[in-house]
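Starting off, we have a lone chain in the form predicted on its own, written out as structure tokens.
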């Protein structure tokens, strides 16, 4: 049965977003409403944790949605992080190294027999959701920036999601913005996501905390500077701590820096900011807008792109995956 006790929604499709910390699934009704949700932690740990374990987590989320909604064999879209090629193989994912080289169609499809399964990069699905149903409706040229454990990107040009020659378009988090910057899980140093993602927020806050700053943030982390994470900064900032607010503004400025560079290449009319970092609120988005305006080529002489939070928040990738399951792909 559906959560409200009524009949299962006819024509519902499922979308599953594989993240660095969680596997999130939603059921999307025919009118574009989210009618169910399930999540499990992303398998992590030893080298024995491989892509098959992640595929099992995807199947578990689907099973939970089936049980909650009383649906059988709903089509499933799966958004995977990293460089997913046109065949559904994960070639490289810095924040999901245990799944390198896996064929998602084979692994996930084998655990979901009798269903149509569509596999794409998670940020491509996220921009599909926001373009068709969310904050970017009415815009034909859009860049989605997913600010989670890392940074992903989705690109819409002339109303169509772009994937590039091999399927790797949108890996914007690994633009190098400071060659002397901190090391990145991708193997290089100074990638944009080291400064502007959830992990980047936590990294900058821990460095400040270990230097004897951010006392209120450390208190939110249980008194241990080594344990400081992005959510502790957000909580302290929401409580009015000026030092925490400065850290969030600095991250927002790094976001605006990257957006200004992307505007020079892609000239979108709308940037959509999604992922958990956006939960930091207006302070972060306002800082991104201000820096973008200062740095973008042409400044106020050009039509400034809108910079808006994702309508679906952390659900964008999963909602887009469910929409992709309905469309049979990116549309």
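Residue numbers count along the first chain shown, from 1. Here the structure is a predicted model, which is why all the values come from computation and not from measurement.
Just so you know, the form predicted together with a further copy of the same chain exists too; it's not on screen, but the next bit is about it.
Asker: Can you pick the stretch from 87-95, 202-210, 243-251, 227-235 whose heavy atoms fall within 4.5 Å of a further copy of the same chain in the predicted complex?
Answerer: Checking each option against the 4.5 Å cut-off leaves 87-95.
Asker: Among 105, 100, 115, 132, which has any heavy atom within 4.5 Å of a further copy of the same chain in the predicted complex?
Answerer: Going through each option in turn, the one that passes is 100.
Asker: Does any heavy atom of residue 188 come within 4.5 Å of a heavy atom of a further copy of the same chain in the predicted complex?
Answerer: Result yes; residue 188 sits at the interface with a further copy of the same chain in the predicted complex.
Asker: Taking heavy atoms only, is residue 170 within 4.5 angstroms of a further copy of the same chain in the predicted complex?
Answerer: Although a further copy of the same chain is absent here, residue 170 would touch it in the predicted complex, with heavy atoms inside 4.5 Å.
Asker: Would you please decide whether residue 268 lies within 4.5 angstroms of a further copy of the same chain in the predicted complex, comparing each non-hydrogen atom pair?
Answerer: Residue-level check for residue 268: yes, a contact with a further copy of the same chain.
Asker: Test of understanding: in the predicted complex, would residue 297 fall inside 4.5 Å of a further copy of the same chain by heavy atoms?
Answerer: Flag for residue 297 set to yes.
Asker: Using a 4.5 Å heavy atom cutoff, which residues in 138-171 contact a further copy of the same chain in the predicted complex? It's fine if the answer is none.
Answerer: Stretch hits, in order: 141, 155, 157, 158, 160, 162, 163, 164, 165, 166, 167, 168, 169, 170, 171.
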